[in-house]
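First, one chain by itself in C-alpha cells, the form predicted on its own.
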C-alpha cells in the first residue's frame, strides 16, 4: 500500500507568479520524459518484477520517490499560477509586450484546471501510457530507465536556463541532482546484470542459436554517403562480450529477394486489377 506524507521531498517556494513558466514546466510533469512517465515506468516495472527481491524493492523505492516529484511539480505549477484571473489577463493584455507573453501561456490552466497542474505536456497533449517501458526483462528495462533519466535531466536543465526565479531554480536543482543519482543507480544495476547475464538482451538467446545469421551480429553496414562512421569503435575491434570481432562493410549488397506480393482478393477493392 501507499501512505501519503504531507511534507514535500524538497521545499517548493517561488519568488513570483509566472503563467508562462507554469506552461513550460508542464513538460517536466506530463511530457514524454516527464515525472509522470518515470513514475509509471518504475512502478509498473516494480509491480511486475519477478526474481530477486532487491530489484523489486529498488524499483518500488524509486517509483514512490517519483510520485513525490509529481506532487512537487504540481505544487510548483500551482504557485506559479497564483493570482491569475480572467480579468487580470484582459487588463494585462492591453500592454503589447505583456500580451505577447500571455500568448504563450496555457489557457487550460485557467479554463480546465482552475489554476492547477494537468496531466499533460507543455502543449496540452495528454500523458499516455505509450511513453513507458515495462517488458519484464530487467536489463532491457533498466537501460530504458537510464535513457529516461538522461532525457529527463536534460529537459529540466533546459527549463532551468529559462527562468531567473531563484525559488524555481532551487526546485529544479534538486531534481537535477536526483536525476544524476538515478543515472548512477541505473548504471550500477545495469553493470550488475550485465556481469550476470551478458550485455546482449535477451541473454537467454545465445549467439549460437542465431546459427547462420550469427555473422551479421558483428557487421556494420555503411548505408549513407561518407565513410566517417568507419572510425568508431562499433566498426572495429571486438564485441563488448568478446564473442566476435566487428567488420566494417563499405559497400554492403542486399542479401534478399525483390518482394513480389500477390494481388489481394477483389473484395478488398484495392482496384489493382482494373
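Only a predicted model underlies this, so the values are computations on that prediction, with no experimental measurement involved. Take the two forms, superpose them, and find the largest set of C-alpha atoms that agree within 1.5 Å; that set is the rigid core. Positions refer to the first chain, counted from 1.
Form predicted in complex with another copy of the chain: not shown, discussed below.
Undergrad: Considering non-hydrogen atoms and a 4.5 Å limit, does another copy of the chain approach residue 33 in the predicted complex?
TA: Close contact exists here: in the predicted complex, residue 33 approaches another copy of the chain to within 4.5 Å, heavy atoms only.
Undergrad: Is residue 117 part of the interface with another copy of the chain in the predicted complex - any heavy atom within 4.5 Å?
TA: Yes, residue 117 sits close enough to another copy of the chain in the predicted complex that at least one of its heavy atoms falls within 4.5 Å.
Undergrad: Is there a heavy atom of residue 167 lying 4.5 Å or less from a heavy atom of another copy of the chain in the predicted complex?
TA: No, residue 167 stays farther than 4.5 Å from another copy of the chain in the predicted complex.
Undergrad: Is residue 29 close enough to another copy of the chain in the predicted complex to count, meaning some heavy atom within 4.5 Å?
TA: Judged by the heavy-atom cut-off of 4.5 Å, residue 29 is in contact with another copy of the chain in the predicted complex.
Undergrad: Going through 1-22 from first to last, which residues have a non-hydrogen atom within 4.5 Å of another copy of the chain in the predicted complex?
TA: Result: 1, 2, 3, 4, 5, 6, 7, 8, 9, 10, 11, 12, 13, 20.
Undergrad: After a rigid core superposition, would you say the CA of residue 253 moves by 2 angstroms or more between the shown form and the other one, or not?
TA: Superposed on the core, residue 253 moves its C-alpha less than 2 Å between the shown form and the other one.
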